[in-house]
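The chain that follows stands alone, in the form predicted on its own, written as structure tokens.
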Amino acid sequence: MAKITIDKTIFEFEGDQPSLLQFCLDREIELPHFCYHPAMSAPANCRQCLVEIGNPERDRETGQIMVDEEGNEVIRFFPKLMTSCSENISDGLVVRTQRSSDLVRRAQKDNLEFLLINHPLDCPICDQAGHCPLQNQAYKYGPEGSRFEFRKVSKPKHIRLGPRVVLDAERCINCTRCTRFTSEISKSHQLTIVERSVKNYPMTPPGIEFDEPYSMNVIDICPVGALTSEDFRFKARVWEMSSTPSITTTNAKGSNCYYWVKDNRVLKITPRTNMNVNEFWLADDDRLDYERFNDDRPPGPTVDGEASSWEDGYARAAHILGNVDGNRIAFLGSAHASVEDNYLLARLAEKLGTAAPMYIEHVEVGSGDDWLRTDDRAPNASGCARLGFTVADADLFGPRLKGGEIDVLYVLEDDPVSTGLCTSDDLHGVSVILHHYNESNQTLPLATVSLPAATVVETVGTFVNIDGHAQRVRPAKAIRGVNRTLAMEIGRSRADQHGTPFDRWYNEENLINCQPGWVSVPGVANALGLDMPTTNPKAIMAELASTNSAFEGATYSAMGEYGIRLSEIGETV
């Protein structure tokens, strides 16, 4: 087996390997770098990942490896330091990093001093502060101060490259990550480098606006805070927010993300690496889909349009369901709701002798691409299909309502009116029980009972994406009331868990009076006197994984942070 020696430690490897830098990073050997990104080419222009590289010296006549008087191999090092991002590894290679080489340490220190010569000292007001690679590496590997006491080179500030990205050019260190992203990953070619020498910076070509659907990815990969979000700029610092791993729900891809929360409000959404789903990237649509979690939220349950308690809401819903024959009730599941919520709805329908729930399809032909956006604008249609739900047909459903075949419509986390499944006139004389996220829901004014539902950032649950990848979501925000399952998932280290009404940053109005479906659906069932104990979503998925072959293996422990690929429906594993 081939071997490589790094700082006197021998590592074995087989087959083709990535660059030396990535080989080290994969083994938790830290090498400072700026321009390198594992998904893009390596231009080696930041010069921060320098290392010493050599090979054992061999006798020219015998070909044997030479040894010194102590029996150690004689290593012939290259006369100059090499960039590890562009160096391929080979059998017998010997590497010295900053951990074992004074020369490398000095080179990294000097290189950082050059990079900081014209860099502005505006860390306190920079959005990148607190998670800035340049800031971190200057502290760990750079000089203690600057010897440059002359006027810095000035570059343009606050350049609006497009509707979502702002450039502060004087922070740029010319790593070219942003331009390589548009040329190699998104292939929009909307960014290029202009000017020369110390005055160059990224810019759009003449007459071009940086408006591609993945433009905000350059903000994440920028190592110095030169590229910032027009939407998030100056809103908060990283140490003021909590970050929660989850998935996005604007479409059926289920891209992995972090939800960043301050004062129980989602302020931004950033990508989370999952090589099986979205790799390193996130569409702009996903990033900007956060205001609906904060605004336009319902104040609480209602009965006949009037504010109500949860207990009264459950009781009224139970009264409506209990006084109608099961075949005159229609249940609508939701491709926006979790698998657990839909499963409990199906159990409620079964106990009432009603047909299995249907769900509304949210397909917008042409809205997707071949990457991270899909025509299906709902995150869990695959989960509904695996539960045996069928797509509701507007041509049949509306006439059934209007013809008096349905007396009660039970809607889980969707909006049949705005989606065109039925009209307001179709619902005349029909009792509607509605679980909803926002007050702009067009079915809400027609609801006899409305029960505010927890969104994806306020619940625990499972979603299955278009590729059959089952993934968990976790609560990023707290909700009004106490729920042990949510409290355990949200984590005790959250700053807002310690907030009191006396803290200026704490606003109790940001706690939404809502409940997850796995709480409210059993609440209705229990008010009916049906045996459906309020349980936790982990137990629900364990039950599904053991009883439904379409979810085989989809336990919470198996899914972990990155999910698992389920078998195709009908396929044996």
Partner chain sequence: MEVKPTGQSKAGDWKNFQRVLLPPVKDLHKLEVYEAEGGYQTFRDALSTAKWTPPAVTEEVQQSVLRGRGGAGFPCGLKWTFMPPVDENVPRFLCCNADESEPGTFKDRQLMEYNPHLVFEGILLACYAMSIKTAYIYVRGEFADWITHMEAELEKVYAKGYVGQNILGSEFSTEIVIHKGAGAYICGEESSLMDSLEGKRAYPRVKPPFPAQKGIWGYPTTINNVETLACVPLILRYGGEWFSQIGAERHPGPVLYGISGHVNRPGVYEYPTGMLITDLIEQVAGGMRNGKKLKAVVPGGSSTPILTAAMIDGVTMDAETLRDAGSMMGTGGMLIMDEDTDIVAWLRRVTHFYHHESCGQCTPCREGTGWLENIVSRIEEGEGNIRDLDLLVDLCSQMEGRTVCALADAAAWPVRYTIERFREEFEARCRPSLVPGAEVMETVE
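Numbering follows the first chain given and starts at 1. Because the structure is predicted, anything quoted here is derived from the model rather than measured.
What follows is about the form predicted together with the partner chain, which we do not show.
Only one segment in the set 372-380, 229-237, 476-484, 192-200 has any non-hydrogen atom within 4.5 angstroms of the partner chain in the predicted bound form, and it is 192-200. Within 4.5 Å of any heavy atom of the partner chain in the predicted bound form lies no heavy atom of Lys538. Shown alone here, Ala545 lies farther than 4.5 Å from the partner chain in the predicted bound form, counting heavy atoms only. Using a 4.5 angstroms threshold between heavy atoms, Ala525 stays clear of the partner chain in the predicted bound form. The partner chain in the predicted bound form is approached by Ala107, whose closest heavy atom lies within 4.5 angstroms of it. Taking the partner from elsewhere, every residue among Lys80, Phe150 and Thr176 has a non-hydrogen atom within 4.5 angstroms of the partner chain in the predicted bound form. Though the partner chain is absent from this view, in the predicted bound form it lies within 4.5 Å of a heavy atom of just one residue from Cys46, Val519, Val51, Cys514, which is Cys46. Between the options Leu161, Ile320, Leu115, Ala349, the residue in contact with the partner chain in the predicted bound form by a heavy atom within 4.5 angstroms is Leu115.
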